[in-house]
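Read the single chain below, which is given as structure tokens and is the form predicted on its own.
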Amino acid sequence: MSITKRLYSYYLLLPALLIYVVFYVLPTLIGLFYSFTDWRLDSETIEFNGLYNFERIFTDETLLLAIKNTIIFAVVTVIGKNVLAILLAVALNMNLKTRNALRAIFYAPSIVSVLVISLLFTPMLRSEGLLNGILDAVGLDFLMMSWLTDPSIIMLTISGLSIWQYTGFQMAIYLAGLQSISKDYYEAARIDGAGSWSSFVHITLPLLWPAININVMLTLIGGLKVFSEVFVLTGGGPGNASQVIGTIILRAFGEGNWGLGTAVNTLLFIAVTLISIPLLLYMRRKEVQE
């Protein structure tokens, strides 16, 4: 008994705990402190300025637009990725001869760099690009738009590209969830006269909640922290139309306004925490055990 205690001592956690504290907890606390200061590149002293940085965030039109764009991106991508991924997973869980090839095709974009995807799609999404050319050729010219320069649709364009790239990743998680559901439930439902839709609603969805929980949390946190897609596709433009919190943080640090940058970063951390934890607790209560 005493040997077991020595082998699995809690002291074994100390190296990992030390690394976690030094490289995550400590920088987070230091960043929290600097978010309440006027820390700037051109300032020789750092003064405590209370809530000034946070007041500026909620009074500056560009910063408010960035918060609005971040929320739009998060909501659209959470819904788009998860709804499409569930439909794909259900379809590719059937006995199709090509299902393995189709799974690989749909999953492939998620392992390609966002930078590469964005660089490939940029010329395709221009006004004279491939997408508008295809729409014109098939008689859908009324759908032709300035996908990357129209401020009214720019966030939907970026969201659509993210949905296209990562739906396959979410699909893989849903497929794993579907394959863990016992076929006995469907056999019993069929004997009772249940149809496909009834089986999907009353068997598949309830037993798929753990996978839904994981995917919603992943897509939500990823959506709130969006940066790469916006930075590569538009750089926050046209004007400031596609600025998000991530690009605002980069711009603040680039301008030497480090106090404001850490304040925006702190706000993002608080928002992710306050949204994710209650949602996670709510969704875990909805999970059904087989």
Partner chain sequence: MTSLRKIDWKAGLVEVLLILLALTIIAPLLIMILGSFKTSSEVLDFSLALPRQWMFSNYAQVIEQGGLLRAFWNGVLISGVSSVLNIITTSAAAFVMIRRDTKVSNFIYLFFFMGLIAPMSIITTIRVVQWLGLYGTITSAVLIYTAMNSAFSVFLYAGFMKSIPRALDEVAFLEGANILDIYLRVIFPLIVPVNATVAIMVFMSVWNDITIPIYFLTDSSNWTMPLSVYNFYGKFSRDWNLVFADLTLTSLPVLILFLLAQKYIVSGMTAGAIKG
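Since the model is a prediction, treat every value here as computed from it, not as a measurement. Residue numbers count along the first chain shown, from 1. Throughout, rigid core stands for the largest set of C-alpha atoms superposing within 1.5 Å between the two forms.
There is another form of the same protein, the form predicted in complex with its partner chain; it is not shown, and what comes next is about it.
Trainee: Quick check on this chain: which one of S182, S113, S198, S127 has a heavy atom within 4.5 Å of its partner chain in the predicted bound form?
Mentor: Exactly one listed residue reaches within 4.5 Å, namely S113.
Trainee: Does L65 reach its partner chain in the predicted bound form, with heavy atoms at most 4.5 Å apart?
Mentor: L65 lies outside the contact set for its partner chain.
Trainee: In the predicted bound form, does P27 have a heavy atom within 4.5 Å of its partner chain?
Mentor: Within the cut-off, so yes.
Trainee: Is it the case that L17, even though its partner is missing from this view, gets within 4.5 Å of its partner chain in the predicted bound form, heavy atoms only?
Mentor: Within the cut-off, so yes.
Trainee: With the partner left out here, check for me: in the predicted bound form, does some heavy atom of S228 sit within 4.5 Å of its partner chain?
Mentor: Yes - in the predicted bound form, heavy atoms of S228 and its partner chain come within 4.5 Å of each other.
Trainee: From the candidate stretches 71-79, 139-147, 152-160, 88-96, select the single one in contact with its partner chain in the predicted bound form, where contact means a heavy atom within 4.5 Å.
Mentor: Residues of 88-96 come within 4.5 Å of the partner.
Trainee: Non-hydrogen atoms within 4.5 angstroms of its partner chain in the predicted bound form: do A176, W258 and G261 all have one?
Mentor: Affirmative, all three are within 4.5 Å.
Trainee: Where, within 37-54, is there a heavy atom within 4.5 Å of its partner chain in the predicted bound form? Residue list please.
Mentor: If the 4.5 Å heavy-atom criterion is applied to its partner chain in the predicted bound form, 37-54 yields only W39.
Trainee: For P15, is the C-alpha shift between the shown form and the other one 2 Å or more after core superposition?
Mentor: Yes; P15 is a residue whose C-alpha shifts (by 2 Å or more) between the shown form and the other one when the cores are overlaid.
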